[in-house]
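Encoded as structure tokens, the following chain is the form predicted alone, with no partner shown.
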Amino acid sequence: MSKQIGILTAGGDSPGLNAAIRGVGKSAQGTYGMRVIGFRDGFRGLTENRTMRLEGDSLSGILTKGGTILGTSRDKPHKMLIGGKRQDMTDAIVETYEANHLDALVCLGGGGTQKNALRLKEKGLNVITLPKTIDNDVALTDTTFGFDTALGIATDAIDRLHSTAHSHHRIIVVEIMGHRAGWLALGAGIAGGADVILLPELPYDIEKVSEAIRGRVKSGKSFSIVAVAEGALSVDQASRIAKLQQDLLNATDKAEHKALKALIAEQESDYADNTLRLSRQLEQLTGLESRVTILGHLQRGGTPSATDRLLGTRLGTACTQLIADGRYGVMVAARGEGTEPVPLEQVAGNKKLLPPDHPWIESARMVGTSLGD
């Protein structure tokens, strides 16, 4: 009998999701004679058994579309909001899996999806994941689909902001997505010729940032572009959070553990307007006007790049090969021009952050870009 597989998209939407859905669907049916069911709106749709058949017309014309035809959500199987309360719905997911006679479940998503998929594997389901996120921070894969498109959009934005920064002799502070990882801000900053790039992995000294901008003014350059990842912190802020996190690791009392987690969340929430705070500080320290542009969800919208379409298709077709071979419990990682199955246990809970000696960082320094450290 032919195998029946389910597929869902979870977490934030990302360019390339539809390319991956198409890659899985077309290769599963055309090459292996499998049947494919899509579950709407991520793990919530899987819990509620909301399906759509993925065949023929439903897979036609989606390669160039952004977002996901299946819809998505950030629901977690083990603590899903039901009737105003968080509930563990993994047993309901197992029931849906069995009711649809699935041989495998394909989950497209980022770091959270890898952890959720591992939980389902531990419940006995045959699960395979594909790495998706514009942040490029999923562990043990060369890259994720969505990153290249977002990189192009952020770079284009910086290109456009150069003209207004130059015309008005201003500092333009551009906030780019990336809460924990700075791949997108660094890549776009280098490609767009930003003068300062601030990253979550490298806490910045505001005096050094302003010094770099004042140095440009002295050399006759009356404007500066500052590309800042949304999760970038000053040295003082990073130090405070690091101390709280260390206290959290050392906490033995349940109440103390809960209080510290709440305190860390409160601190991080307070830093949510860091970009605006940074802009005001730079005005005071340099004497230049400063304006903020927050790219936000623009970065993950619109038509996926050719690179993301190709990557989504490669990972999708490799996924069906693994299903045909009975290989489950893995993420399909991009590795060079090929792919590699990586056990979910090695991926879940890990993030791919920028190492301080990464070649991109070295290149930025060598062309005179300030990283604020």
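Predicted model only: the values in this text are computed from it and were never measured. All residue numbers refer to positions in the sequence shown, first residue = 1.
Another form, the form predicted in complex with 6-O-phosphono-beta-D-fructofuranose (F6P), is not on view; read the next lines as being about it.
In the predicted bound form, 6-O-phosphono-beta-D-fructofuranose (F6P) stays beyond 4.5 Å of every heavy atom belonging to Ile172. In the predicted bound form, 6-O-phosphono-beta-D-fructofuranose (F6P) sits within 4.5 Å of a heavy atom of His179.
Contact annotation: Ile134 falls within 4.5 Å of 6-O-phosphono-beta-D-fructofuranose (F6P) in the predicted bound form, judged by heavy atom distances. The closest non-hydrogen atom of His297 lies within 4.5 Å of 6-O-phosphono-beta-D-fructofuranose (F6P) in the predicted bound form. The stretch that touches 6-O-phosphono-beta-D-fructofuranose (F6P) in the predicted bound form, counting heavy atoms within 4.5 Å, is 297-305, out of 89-97, 122-130, 247-255, 297-305. Interface residue among Glu230, Asp75, Asp195, Asp148, judged by heavy atoms within 4.5 Å of 6-O-phosphono-beta-D-fructofuranose (F6P) in the predicted bound form: Glu230. Contact residues in stretch 195-213 (any heavy atom within 4.5 Å of 6-O-phosphono-beta-D-fructofuranose (F6P), taken in the predicted bound form) are absent; none meets the cut-off.
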